[in-house]
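Only one chain is shown below, in structure tokens, and it's the form predicted alone.
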Amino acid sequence: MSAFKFLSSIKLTVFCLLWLAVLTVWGTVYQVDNGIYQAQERFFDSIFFRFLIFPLPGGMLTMMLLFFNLCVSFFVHYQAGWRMPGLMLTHLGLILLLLGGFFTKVTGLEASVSLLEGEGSNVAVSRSDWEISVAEELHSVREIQAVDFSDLKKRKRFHVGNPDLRFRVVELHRNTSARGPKDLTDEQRAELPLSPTGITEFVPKRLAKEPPDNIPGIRLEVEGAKNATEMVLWGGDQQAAALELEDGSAVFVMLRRKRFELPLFMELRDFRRTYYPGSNVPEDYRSLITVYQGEDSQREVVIKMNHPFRNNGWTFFQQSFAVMDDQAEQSVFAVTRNFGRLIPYWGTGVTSLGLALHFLQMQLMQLKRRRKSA
């Protein structure tokens, strides 16, 4: 059987749909003990996943096969005539739905921005993704470069920015707690790996049900630094590790939540909240922000519950708030990026139109047969 014939086969369509149904049930049962995010990663975001010793097709591979199956069959099974437009529109709508899901998976992100009144930012912080950043200045937002933690694996070599400063992964954990040295002499402490807070070892933990609760850790071999040959970074640290380079300069290395540059600068001008009478339950909270885009473009925007602010594929939701010890108010915004947000709507509309047209055509054909038989 040729690849073209295989991709256009109705048997492949049925298999993909049945296997997606199996993955849906399997993933639903799996998420009871492991959480929805782990179930999504294992069953739906994967090309293959392992069951016992057997590799099985994941949701990503299954939906890719279904997408190509629909595209090829769109042309192979097309028959010119007035009876086919409904089915063709249905095919096209399903293709758009799958394409929209893939586009969202590849380009979408979820992050957050936390601002005190009078504070502004053009950087969002990921809730679940991590990175290793190298900065030339402490507390500077200007990094030489950053590498995704998800791209790293044991024994992998990489460099960040400066090619003379190289790293090799010795130990890596997606979720862990950290320990420091106990009862060591000064000489023993001097032989420990470089760590901003004195961490010497990790205690691996099971992945949490919610990705933001996972705190990763990594141990690295270092080449090209004068003050360290090995370093330990933990996501729970709020400090960066300082490396002295051979040319006398210094850089600051940190394992932190991934940063994303926003297409605008937002400044929190005022935050307001109201409560239900006689309770501490918020009835409404909203933020007045000033949005700057370019040198001459600025506008006032109100972001409140169920009323997000959208801008060029980015959406800003009023997520929560906090009150600091000095009674200063902090507003927290959930930030999502989805350039293909409208594609599922288009796909649903085209599919609905195709099914309605096909149903109408079938009804007209039945009516025509009845008239002939009468």
Partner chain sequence: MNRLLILLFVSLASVLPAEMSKKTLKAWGELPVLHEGRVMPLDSKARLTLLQFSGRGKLGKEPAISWYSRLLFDAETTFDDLIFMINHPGVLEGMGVETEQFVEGERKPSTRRFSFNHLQPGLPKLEELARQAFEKEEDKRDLVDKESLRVFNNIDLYLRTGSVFAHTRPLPMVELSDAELLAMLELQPSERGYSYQTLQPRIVRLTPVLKEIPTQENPNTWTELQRQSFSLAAAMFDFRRRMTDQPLPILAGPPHGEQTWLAPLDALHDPDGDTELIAAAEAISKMQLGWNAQDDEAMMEHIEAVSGFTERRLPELHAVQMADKEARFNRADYFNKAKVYYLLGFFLATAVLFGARSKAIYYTAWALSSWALLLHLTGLGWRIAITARPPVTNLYGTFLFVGLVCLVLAMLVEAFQKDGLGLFAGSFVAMSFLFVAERFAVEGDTMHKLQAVLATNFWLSTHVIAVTMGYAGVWIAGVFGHIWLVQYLLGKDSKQLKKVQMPMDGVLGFGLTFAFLGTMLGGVWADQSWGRFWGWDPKENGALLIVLWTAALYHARIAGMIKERGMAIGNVIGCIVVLVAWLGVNLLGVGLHSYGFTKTMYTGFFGYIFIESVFLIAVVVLDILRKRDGEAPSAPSEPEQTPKEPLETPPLHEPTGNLL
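Residue numbers count along the first chain shown, from 1. For clarity, a rigid core is taken as the largest C-alpha set superposing within 1.5 Å between two forms. Just so it is clear, the model here is predicted, and its values are computed rather than measured.
Below: the form predicted in complex with the partner chain, not depicted.
- In plain terms, the part of the chain that comes close to the partner chain in the predicted bound form, with a heavy atom within 4.5 Å, is 90-98 out of 90-98, 215-223, 258-266, 234-242.
- In the predicted bound form, at least one heavy atom of Glu283 sits within 4.5 Å of a heavy atom of the partner chain.
- At the 4.5 Å threshold, heavy atoms of Val302 stay clear of the partner chain in the predicted bound form, well away from it.
- The partner chain is not shown here, but in the predicted bound form it comes within 4.5 Å of a heavy atom of Phe44.
- In the predicted bound form, the partner chain sits within 4.5 Å of a heavy atom belonging to Glu110.
- Site annotation in the predicted bound form: the residue of Phe67, Trp314, Phe49, Phe317 reaching within 4.5 Å of the partner chain with a heavy atom is Phe317.
- Although the partner chain is not shown here, in the predicted bound form the stretch 6-23 places heavy atoms of Ser8, Ser9, Ile10, Lys11, Thr13, Val14, Leu17, Leu18, Leu20, Ala21 within 4.5 Å of it, in sequence order.
- Residue displacement note: Gly236 has its CA displaced by under 2 Å between this form and the one not shown (rigid core superposed).
- Remark: with the core as the superposition reference, the CA shift of Ile343 between this form and the one not shown stays below 2 Å.
- After superposition on the rigid core, the Cα atom of Glu283 is displaced by 2 Å or more between this form and the one not shown.
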